[in-house]
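Taking the form predicted on its own, here's one chain by itself in structure tokens.
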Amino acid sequence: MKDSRRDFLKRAGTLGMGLTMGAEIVFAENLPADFPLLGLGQPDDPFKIIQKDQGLSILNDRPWNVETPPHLLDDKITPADKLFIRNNGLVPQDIKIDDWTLTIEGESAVTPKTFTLQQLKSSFKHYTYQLTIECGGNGRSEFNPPAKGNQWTTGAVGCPSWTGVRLRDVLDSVGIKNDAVYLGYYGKDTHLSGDPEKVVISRGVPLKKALDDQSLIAWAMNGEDIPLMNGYPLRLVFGGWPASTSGKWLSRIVIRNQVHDGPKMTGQSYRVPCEPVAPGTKVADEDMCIIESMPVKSLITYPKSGAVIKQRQSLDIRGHAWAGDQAVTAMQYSIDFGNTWHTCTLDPPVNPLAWQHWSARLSFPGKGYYEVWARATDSNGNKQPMIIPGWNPRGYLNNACHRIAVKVT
């Protein structure tokens, strides 16, 4: 039995490699187990495979994790080719759009239902919102002692325009029992082991978040199909919460009568210590709390760090700010390492949970090296810290002020 299962996994893995290479692997039956193929080395242009701008930075290619430098996030609506990639498993292959279905079930579902993609589009009203999604580990590279995981700098964030149906409308059509407290999702990505029965990631949100107006089951981004690497053909979008809650390649949603306990919902995944701890502290699982709304944060998207200007020349700066479920109410900049702060022009969000655009014109007192720091304040009065906030074992929620270098000659 074990041999037959091993043979099956080998055939499945070989098929996946063939799909990746775009050609059948001749004599695949003779390939030794776990033997790497030369053709699966780093491709000449990996950005063609992931359909992203060549200016993005690849952190990992198994699974794909790719971030966007701040200056490439200057667009008010994040373009598809500049949206970061955060995958936990292998991207599904050979997607048949006409056969794609979404099942809503679970112990707290009144009448479980399965919808085709066309039924979703024809049965419910469509909505389009700009929604900010950010990896919970964005900024992890700055923590010390280092935290385990992809070493994101600042680029695991974006705010595209998403189109789909309200999750609430679909849940209402199924019916929600009174004991419902949480939702969980399942996608069709494949585990890195190649085991088709092993779930890659299955996270979720409390029912209250699921019922928000802006919580979407989406099939389009910026008016086009969602890119394959970002969840084509169907995904959840929960603006303002860790992007890991916005399940990609969506095929199943479960309505739970308890906090969802799928892979990467338990232990220390996407959790931080319930109380502050000293750097390097080992924290027990029971003392870790689930991350929900993301903290207030901002980016300087223009100019690119390292800008050089002439003395007496003014400098225009701009960027975006966001604050989880809250709004940003104030934006400031500093050129003296946070000793004094100056007000920026701040635009309101185009809709709740969209990032907000800010700008300022500044001047420098003389020649030399400067740093421009940006700091946002949310509607609860929380300001970005000037230094890295509370250390945590997995390196989540770094919302320290973004800064760029400027040289005045």
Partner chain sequence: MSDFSGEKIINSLRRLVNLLSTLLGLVLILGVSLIYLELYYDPQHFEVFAKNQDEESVTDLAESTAEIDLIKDGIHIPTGLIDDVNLDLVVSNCTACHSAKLITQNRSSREGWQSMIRWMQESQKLWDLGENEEAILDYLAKNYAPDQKGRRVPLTNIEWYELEP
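Here the structure is a predicted model, which means the values were calculated and not measured. Numbering follows the first chain given and starts at 1.
Below, we turn to the form predicted together with its partner chain, even though it does not appear here.
Contact with its partner chain in the predicted complex holds for none of 113, 163 and 330, as no heavy atom of theirs lies within 4.5 Å.
Its partner chain in the predicted complex is not approached by residue 212, whose heavy atoms all lie more than 4.5 angstroms from it. Contact annotation for residue 58: at least one heavy atom lies within 4.5 Å of its partner chain in the predicted complex. By the criterion of a heavy atom within 4.5 Å, residue 191 is counted among the residues contacting its partner chain in the predicted complex. Shown alone here, residue 75 lies farther than 4.5 Å from its partner chain in the predicted complex, counting heavy atoms only.
With its partner chain left out of view, the stretch that reaches within 4.5 Å of it through heavy atoms in the predicted complex is, among 140-148, 113-121, 227-235, 179-187, 140-148. When its partner chain is considered in the predicted complex, only one residue from 175, 276, 338, 306 comes within 4.5 Å through any heavy atom, namely 306. In the predicted complex, its partner chain lies beyond 4.5 angstroms of every heavy atom of every residue of 214-238.
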